[in-house]
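Listed next as structure tokens is one chain, alone, in the form predicted alone.
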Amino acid sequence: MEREETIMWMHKTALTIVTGFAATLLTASPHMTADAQDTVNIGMFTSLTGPSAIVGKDMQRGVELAINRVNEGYEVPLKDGSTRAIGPGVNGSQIRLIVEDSESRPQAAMDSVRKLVNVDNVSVVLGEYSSGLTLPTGQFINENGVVQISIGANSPKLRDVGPFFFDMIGLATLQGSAMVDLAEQAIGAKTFATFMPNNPYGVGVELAVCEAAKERGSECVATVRYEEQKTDYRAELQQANAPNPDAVIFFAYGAEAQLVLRQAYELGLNASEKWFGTEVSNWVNEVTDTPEIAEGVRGIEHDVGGDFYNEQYAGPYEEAYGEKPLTVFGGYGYDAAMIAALAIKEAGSTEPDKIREAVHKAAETYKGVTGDKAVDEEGMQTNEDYAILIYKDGGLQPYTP
């Protein structure tokens, strides 16, 4: 199979996005194709179907915005107030983005990255959101010596993936402490239950919450790890509520969160009084038709916003797609793609070892729309800011305990 035929080959339900010099942020749907002969391939795997489809779609859009800009010759803002032009394209080549649908499933995610690495010969892989998908795929990508920049996954286990793996979002260990602080300040909580998916992210948050509670002289009285994509969570919900904890710390993905919150509401578990969620924006769109099930639920979200975020990301996003960013995670995708382009520019090469070394410098100097992107020696982001929110009157609003 010839190279150009290989690039255009579609794997199952995978979507190939080709972004070229003519791509523009002013179109409502900037999904482009091109016949560029001299290109740098960047791969992305994300959940375009399944429970995390809205988050996956948003991350894809964020990545596209960044690559469109680079291909047009964008001046990338740096922390010191200067900018760096890395285009048009990078090192004289247009960036071609190849997107694969992970379907919110581990096997589909593995199929996606195998194609990106073995067939498409990508220089960098971007993704994913779920830690349960990112851990096994990250190990495969790392073993093959290809740089991966994770967008939204944050299990503490990601620290051990390997030297070619980087994460553009704070790990769950930071979230656990923030959640305990919020519940203590809001309702004086001393006993906690956790209701988390039985995957690397959920287990990571559970452990972080219970460790933070113990450090404060409080305790976890129930730790429920539920299996994903079930149709009934009543038994698990009642298990979490059985010891009558002061606060329940929970997380669920997108459409699954709607089911969890609805069943908790039907069981009368007082979610508005004692339920606290992590990454609450990931389900806000799914409860639009039944806002009463989430009314009063408090939680944290990665803190993005402000003039820089709006000017550099949210405004152009709305121009390109005709709606505001769907979640906060598209911004993290945008930052991951910008750092990938900066690293390839800095490396002056698509050789994995050179790109890997350059990612550290790119992350240190780049001014992210989602905040400081500096990473430690193991490639993990060193800082994360969280916004405290409450779901009220059909949407998320700032909340002060």
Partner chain sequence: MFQVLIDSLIRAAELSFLAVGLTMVYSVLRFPNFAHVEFATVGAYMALLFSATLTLPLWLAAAVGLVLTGILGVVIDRAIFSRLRRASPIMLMIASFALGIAMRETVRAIWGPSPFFYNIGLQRPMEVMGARITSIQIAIIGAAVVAMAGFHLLLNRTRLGIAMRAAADNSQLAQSSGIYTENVIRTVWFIGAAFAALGGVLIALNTQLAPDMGFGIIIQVFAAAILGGVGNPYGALLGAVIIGLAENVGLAINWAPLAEFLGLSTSGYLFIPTGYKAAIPFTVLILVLLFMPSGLTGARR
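Residue numbers count along the first chain shown, from 1. The shown structure was predicted, so the numbers you read here are calculated from the model rather than taken from an experiment.
One more form of this protein should be noted, the form predicted in complex with its partner chain, which is absent from this view; the next part is about it.
Visitor: Of Tyr74, Tyr265, Phe140, Tyr321, which residue is found within 4.5 angstroms of its partner chain in the predicted bound form when only non-hydrogen atoms are counted?
Guide: Residue within 4.5 Å of the partner: Tyr265.
Visitor: Select from the listed residues Glu292, Glu311, Glu211, Glu273 the one whose heavy atoms reach within 4.5 Å of its partner chain in the predicted bound form.
Guide: After the contact test, the surviving option is Glu292.
Visitor: Indicate whether its partner chain has at least one heavy atom within 4.5 Å of a heavy atom of Gln258 in the predicted bound form.
Guide: Because a heavy atom of Gln258 falls inside 4.5 Å of its partner chain in the predicted bound form, the answer is yes.
Visitor: I'd like to check something about Glu236: if you look in the predicted bound form, is any of its heavy atoms closer than or equal to 4.5 Å to a heavy atom of its partner chain?
Guide: The answer is yes: Glu236 has a heavy atom within 4.5 Å of its partner chain.
Visitor: Report whether the minimum heavy atom distance between Lys230 and its partner chain in the predicted bound form is within 4.5 Å.
Guide: Because a heavy atom of Lys230 falls inside 4.5 Å of its partner chain in the predicted bound form, the answer is yes.
Visitor: Within a 4.5 Å heavy atom cut-off, is Ala242 in contact with its partner chain in the predicted bound form?
Guide: Ala242 belongs to the contact set for its partner chain.
Visitor: Should the three residues Gly50, Glu219 and Tyr226 be counted as contacting its partner chain in the predicted bound form, with contact defined as a heavy atom within 4.5 Å for each?
Guide: Result yes, every residue of the spot touches its partner chain.
Visitor: Out of the stretches listed (292-300, 127-135, 202-210, 322-330), which one is close to its partner chain in the predicted bound form, meaning heavy atoms within 4.5 Å?
Guide: Correct option: 292-300.
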